[in-house]
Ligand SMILES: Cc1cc2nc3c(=O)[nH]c(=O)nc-3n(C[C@H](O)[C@H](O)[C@H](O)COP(=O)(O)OP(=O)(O)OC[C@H]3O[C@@H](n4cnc5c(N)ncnc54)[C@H](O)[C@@H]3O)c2cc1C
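Here you get one chain, nothing else, as structure tokens; it is the form predicted alone.
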């Protein structure tokens, strides 16, 4: 298990109807590694009725952990920014984020390594839903200025669009879709113009949607398994 740290909520911002941005600070973050935007860490939540998360490994400890994305880390202020999808479902992490207030404590384990396969690929394809928007956004902001490609990001409403500092050559398409029985992400990718060369591909969404997109891109020219990251972030 990666190093565990204790942090507190320093700032809360509702950046869209379904996304709450929480900035964490604390002395334990003084040695948090830099350059990990887009990587996962384990958020450790307080147990029922408790205010302080229990750090360490003990029977059942994973029940209180969930994977989240390093959206941003400011090495100067030692501030860790984490975006939580909210107001769409219930759950340990969502409920904590929805009711969070300044001073609340959260454990932080990790982070791991970034999963993007090649920041200098011939071109880039990113396919994400709301839960993977923080990772996709962080990746796009780390791409070189000369990068070209396309991103498809599925969100529930027009109000959930975000400003992402992507290179000019990256076209961001917002797929507005509340009905998850519709494979809107797949339809969007099927209708895109496929570029020449081997792309770096990032697909992260609800499991069945991710698998549908992955099956499709496998059939396209230039596809490389080694250049593709695909992950089911959750299941309907």
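All values derive from a computational prediction rather than experimental measurement. Numbering follows the first chain given and starts at 1.
The same protein also exists as the form predicted in complex with this ligand; that form is not shown, yet it is the one meant from here on.
Exactly one listed residue, out of 149, 111, 134, 107, brings a non-hydrogen atom to within 4.5 Å of this ligand in the model of the complex: 134. Contact check for residue 117: every heavy atom lies farther than 4.5 Å from this ligand in the model of the complex. A residue is said to contact a partner when one of its heavy atoms sits within 4.5 Å of a partner heavy atom; residue 84 meets this definition for this ligand in the model of the complex. The closest non-hydrogen atom of residue 161 lies beyond 4.5 Å of this ligand in the model of the complex. Remark: residue 40 counts among the residues lining this ligand in the model of the complex, judged by a heavy atom distance of 4.5 Å or less. From the list 162-170, 119-127, 87-95, 140-148, the contact stretch for this ligand in the model of the complex under a 4.5 Å heavy atom rule is 87-95.
Along 216-236, these residues reach a heavy atom to within 4.5 Å of this ligand in the model of the complex: 232, 233, 234, 235, 236.
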